[in-house]
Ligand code: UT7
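Encoded as structure tokens, the following chain is the form predicted alone, with no partner shown.
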């Protein structure tokens, strides 16, 4: 009987803009303070793309670094999956632009619109493609330019978001290392709590512009409550399903949305903060890019090493959420 191949992370990469926007800079834009932002979010700075820079450029840079890390050529990639809600254009998929930029001439390319959960959804798809034999190498990217859909007059949300990209090359593993499991879920009843209504087809563009519905809108308190519950449940579910507890995890990488959400989720799981990777202070919330940026950074800093078990979990608009267990 043919053994089902296990997918594993072969290489990682990340890319961010040069411009850094600090809390002190935000004090000059909206009625806020560095102390207020740090106390409520844990964020100190975030990267912001220049006007001439595009999502696909950062996604391609992260992808090229992941390919180099994996020692895989772009031509060997079978599928490119990008998690994003801020593509270069309405269509085609942003992954198609990335495909051209990196020269992945043999790949199929498409986007996932799962907001902050986009990378976890991408991992789940990559796992399925490889396990089924439909693909050997899958490039999973999370990239957002959230600064382009941020209302810079809304002090409650503009302090939260940043721009950036992260990518992983996923391929087959013959050993014990690799993706142990993935879990994804959504609840469409909660769409109104975190959304951007004005760039679709349900509202005429002129109305959306007049009513400022072309920006991300969020009901913060409700999102916080659901995020902690959903990420805690998704993490507990995948651990229990695979006969593990938080003690079996070497590093926990939650979506970097807000330090309060991160600490509350860790507490819910009974995970010590010294096992939790946190970089929200430097990047802000980069949505689908959050987890792959953190993975690449954690490997670079040797917080994640060969043989380590890592639990990842994310939550985003939709609402969508999901978790992934991997042994590096």
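Positions refer to the first chain, counted from 1. If you're wondering where the values come from, they're calculated on a predicted model, not measured in any experiment.
Form predicted together with the named molecule: not shown, discussed below.
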Counting only non-hydrogen atoms, the one stretch of 63-71, 40-48, 298-306, 275-283 within 4.5 angstroms of the named molecule in the model of the complex is 40-48
Would residue 189 count as touching the named molecule in the model of the complex under a 4.5 Å heavy atom rule?
no
Please tell me whether any heavy atom belonging to residue 269 falls inside 4.5 Å of a heavy atom of the named molecule, as the geometry stands in the model of the complex.
no
Please run the contact check for residue 32 against the named molecule in the model of the complex: heavy atoms, 4.5 angstroms, yes or no?
yes
Does any heavy atom of residue 110 come within 4.5 Å of a heavy atom of the named molecule in the model of the complex?
no
I need to confirm a contact call. Of 130, 230, 80, 159, which residue comes within 4.5 Å of the named molecule in the model of the complex, counting heavy atoms only?
159
Could you spot which one of 165, 98, 140, 116 gets a heavy atom to within 4.5 Å of the named molecule in the model of the complex?
116
Can you confirm whether 194, 218 and 257, the three residues that make up this candidate site, all sit within 4.5 Å of the named molecule in the model of the complex, judged by heavy atoms?
yes
Looking in the model of the complex, the residues of 285-318 with a heavy atom no more than 4.5 Å from the named molecule, listed in order, are 285, 315, 316
